[in-house]
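Next up: just one chain, as structure tokens, the form predicted alone.
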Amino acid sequence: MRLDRLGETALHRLLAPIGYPKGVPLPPGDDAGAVWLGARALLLKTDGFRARDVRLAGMPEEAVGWRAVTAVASDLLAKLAQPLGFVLSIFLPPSAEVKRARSWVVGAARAAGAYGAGLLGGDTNRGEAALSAAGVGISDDPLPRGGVAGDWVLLVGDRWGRSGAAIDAHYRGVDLAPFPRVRAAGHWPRARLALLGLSTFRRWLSGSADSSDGLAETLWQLAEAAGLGIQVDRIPLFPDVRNYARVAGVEPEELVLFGGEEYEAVVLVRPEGRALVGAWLRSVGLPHTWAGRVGGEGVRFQGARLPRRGYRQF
């Protein structure tokens, strides 16, 4: 069967268990892989992309390298793992300028430093312009995907809809000068190092996932892992996202639910822990939205079935 007929989600289900060890902290197919290192978990994550698929209009080359490391860091942090280090592999044709390669690596190094880690080298290869980053992190008790009926659905961060608007603007040719936070979300997304503070409340957390393929897809991934439905009643609709949607002639809800590239986290919180987690989020100034509950069947938004639609490689 061809990959475009099987689909990326089904391909992941097929490939993830191959060679995956038993008795490890996270199941196959989660945001990162993990093994025990004494009493702690060592996590490993890799991600890659073609440069032309992610470089939005006006995005500097350094931002491409930044994004490569951020994509990996976001997955590690969603599992409550402190990043320890990153490596970067780059692919470029022989005709490429040296400054392009250097810009990618400088951007990747800046990102690694922002997450309290270093860029530990990498690899250079001949080919179409592309990058592949990998990172390791450590956690006392990594948070897998999954959930329990009654859990609250917590959306952490403020790039919901903004990242989607930046991508939409790239393809529509909309000028983002009037929307600086939208442009920042699309060009320089920053994974939430503050998520590590949720480790204090680990006993009240059931599951989590990084959102980079879109919020709808992430909710479906969590529902699938939990074997339960998710009912979403509320999503963040920031004023600049509404304004952008009006200018571009799109629905703001579409940008939030299906935009992608947020590098934010969806966390499932047990009801008895909501007040404590909410108080901590407010105390550290971490933007957040209590979006709904775990239960029922399928994933629904305001009562209607939410399509499983997000970014697909195939």
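None of the values given here were measured: they were computed from a predicted structure. Just count from 1 along the sequence shown to find any residue number.
Keep in mind the form predicted together with another copy of the chain is missing from the figure; the text below concerns it.
Go through 124 to 132, 147 to 155, 226 to 234, 196 to 204 and give me the stretch that gets within 4.5 Å of another copy of the chain in the predicted bound form, heavy atoms only. Contact criterion met by 124 to 132 only.
Suppose contact means a heavy atom within 4.5 Å; in the predicted bound form, does that hold for all of 56, 220 and 249 with another copy of the chain? No: none of 56, 220 and 249 comes within 4.5 Å of another copy of the chain in the predicted bound form.
Is residue 49 close to another copy of the chain in the predicted bound form, meaning a heavy atom pair under 4.5 Å apart or at it? It does: once another copy of the chain is placed as it appears in the predicted bound form, residue 49 has a heavy atom within 4.5 Å of it.
Tell me, yes or no, whether residue 282 is in contact with another copy of the chain in the predicted bound form, where a contact means a heavy atom of each within 4.5 Å. Because no heavy atom of residue 282 falls inside 4.5 Å of another copy of the chain in the predicted bound form, the answer is no.
Please determine whether residue 42 contacts another copy of the chain in the predicted bound form, using a 4.5 Å cut-off between heavy atoms. Yes, residue 42 is a contact residue.
Is residue 102 close to another copy of the chain in the predicted bound form, meaning a heavy atom pair under 4.5 Å apart or at it? Contact check for residue 102: yes, within 4.5 Å of another copy of the chain in the predicted bound form.
Could you list which residues of 21 to 43 come within 4.5 Å of another copy of the chain in the predicted bound form, counting heavy atoms only? The stretch touches the partner through 21, 33, 34, 35, 37, 40, 42.
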